[in-house]
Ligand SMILES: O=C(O)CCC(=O)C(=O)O
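Next comes just one chain, in C-alpha cells: the form predicted on its own.
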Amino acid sequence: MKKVTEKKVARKVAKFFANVSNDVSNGLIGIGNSTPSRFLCLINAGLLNGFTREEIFDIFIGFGEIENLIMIERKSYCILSFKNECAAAESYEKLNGSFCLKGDTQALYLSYLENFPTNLVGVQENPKVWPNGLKLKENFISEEEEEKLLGLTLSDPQTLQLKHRTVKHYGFEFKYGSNKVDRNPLPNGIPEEMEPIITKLVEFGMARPDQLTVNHYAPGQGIPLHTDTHSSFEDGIVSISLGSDIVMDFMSNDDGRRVSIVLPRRSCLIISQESRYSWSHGITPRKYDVTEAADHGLTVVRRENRTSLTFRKVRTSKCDCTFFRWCDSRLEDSVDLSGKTADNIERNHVFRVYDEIATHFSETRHSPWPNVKAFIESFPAGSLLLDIGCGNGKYLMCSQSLFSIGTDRSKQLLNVCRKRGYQVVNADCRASPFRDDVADAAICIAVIHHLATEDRRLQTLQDISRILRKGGRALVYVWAKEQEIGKRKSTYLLQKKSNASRAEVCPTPETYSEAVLPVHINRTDFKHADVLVPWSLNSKESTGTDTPTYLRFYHVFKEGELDSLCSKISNISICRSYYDQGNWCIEFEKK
C-alpha cells in the first residue's frame, strides 16, 4: 500500500472508531494494521448503505473460507471473520483503500479487530409479535397465475398516476386522503379474471369482495401508513403481491408499536380484527428492504416492480366493531356530555390541568399568531380590547396603544400575567365580569374548544357579543378537526415531536358516568370530535421519577361548525371566516 493511501486509510479508520464509540461496549475494538487477525471490520460497507450479504461474500470468498459475517440493521459497517489469519491478511493487503465499491466511486476501507464481537448479534431488533388477526398465506397463487394477472393489470390503460404509484379501482373508488370509499358504483366491476382468487377467499371464510384496488409500485415507491375507515369496509382486507417481495410496516394506533413483515411475491395477506381496526399499515418508500437471511442474519433485498391487488367488501351498515376508539362510525356524532358530566370533564381536564401545567404551557407560548396580531393592530389608539381566555397574556401587549384586559379561569396562568404587569381578572369565559356594550374589540383564541357542550360554547359567543359595543368586532379561533387541507398539513402535524409537547402516549380511555372519551395520539389527524389530548411536563416541572402526563379536553370543530354556531346569535354579522394553520377562525361584528 502506498504511503499516501496508508495515511488516508488510517485517518478513515480512526474517524470511524471515534464515531462508533457507543458500540465499543459491544466488543468492537480495532487493533490497527500492524497486528493481523482473523477478524475484519468493513467500515463503509453495511446494510445502511445498501450492501447485501451476498455482495460481501462475493468480494471476500476468493481469499479463503469465511467463518461468519454480521450485518447490523441501521449500520453502515459489517464484521467479517475468516477461518484462518492468512486469508484475512491477504484480503486486507489487496483490498484496503484500493478496491472500488459500487459505481467505482469509493474505496473499501478495512480494519483488523481484536476479536469477533459476538455481542453485536443482539443489536438486531427484538422478535416481532404480529397484531392479532393478521394472516399471511405464501404461494397463494402459482407462477402461471401471477403472470396472467400481471398481464391483465399492466395492460389496463385506465390507471391513475399518483405521486408515489399508479392505481386503478374496480367496483368502487377508494378515496386516498380520507381512506374512505366513494359509494357511487364505478362502471367497471371486478374483472372476471379475478374470480379464481375470489373463490379461494370465500373458501377461507372471507366475505365476497365487491371492490378492488390495483397499485403498481416502481422500486423506491411506497404508500403512507393508514387505516381503512371502519365505516367504509367490512372486516377482512386482502392484499396479494405480484412481481416482487416487499416489506409492509404496521403501527399500533394505541401505543405506536411497529412491526415490519415481509410479503413474498404471490402471497396473500389478510388484515382482519385488531390488525384491521386498530393498526395502520403502509410501505416505506425505498429501493431495498432489510430482511432475515437464510442463516438468521440480516441482508438487503432489492425491490423490483411490484403490483398489489387489494380486495375489500364495502360496508352497507354501521360498523359494530369493539375498537370504538378508532371507529369513525362513532365519530360523526359528538359524545353526549351534558349536565354534571360536562362540569366534571371541564373541572378535571381543563381547569385543574392548566393550573398544573401553567409554567410549562407558558414557556411554549411565545409569539402571537400573525393574523391575530393584525386584527388587534387594526383598532385605533385608545380602543378597549378584552382577551377572553388570555392564558399567559401573549396578546395583551400586541398593541401598546390599546387598553387591554384579559380573563382566564386558571389562577396560575393569571399569576404569570400579573408578573408581566398585565391587567387580568379571574372569570369564566361564559360570563365575563364586564358591562354590556363596553368593548371595541374582543378576542377568544383557543378557548371555546375546551367547553364540553354546544350550549356552553354558544353561551361564550353570546357573552362576547354582549360586551361588544355596536360596531365592535371579535375574533375567535378554535382547533379544527381537519388538520390537512388539500395536500397541505398543519403546523401541528408537521411539528417535530422533539419540539412539541412530549406526551405521545395513549393511556386507557377514561370512563365517566355518561361518556367514554378517546385519548388522542399527538401529531396525528383527529379521528374524534370530543377527545382528551395528552400533555407531558418537561423534566424541570416534573418532581417525580416519571414524567407526569395530563389529559386536556377538546372539542375539535368540523368545517362550517363555528360559522353555524355564530349564525345562532342574532345581533352579530360575520365579517370573514377562514382556516389558519389547523384552526377554524371567524371574525364578527356587533350590529
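Residue positions are given as counts along the sequence shown, with the first one as 1. Computed from a prediction, not measured in an experiment: that's the story for all the values here.
Beyond what is shown, the protein has a form predicted together with this ligand; the following relates to that form.
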query	finding
All of 8, 77 and 99 within 4.5 Å of this ligand in the predicted complex, heavy atom check	no
Contact segment among 431 to 439, 145 to 153, 218 to 226, 371 to 379, judged by heavy atoms lying within 4.5 Å of this ligand in the predicted complex	218 to 226
Contact of residue 174 with this ligand in the predicted complex (heavy atom, 4.5 Å)	yes
Residue 310: touches this ligand in the predicted complex, heavy atom cutoff 4.5 angstroms	yes
Any non-hydrogen atom of residue 478 within 4.5 angstroms of this ligand in the predicted complex	no
Close approach of residue 450 to this ligand in the predicted complex, 4.5 Å, heavy atom	no
Heavy atom within 4.5 Å of this ligand in the predicted complex - residue from 71, 396, 417, 283	283
Option touching this ligand, based on a heavy atom within 4.5 Å in the predicted complex, out of 197, 443, 248, 353	248
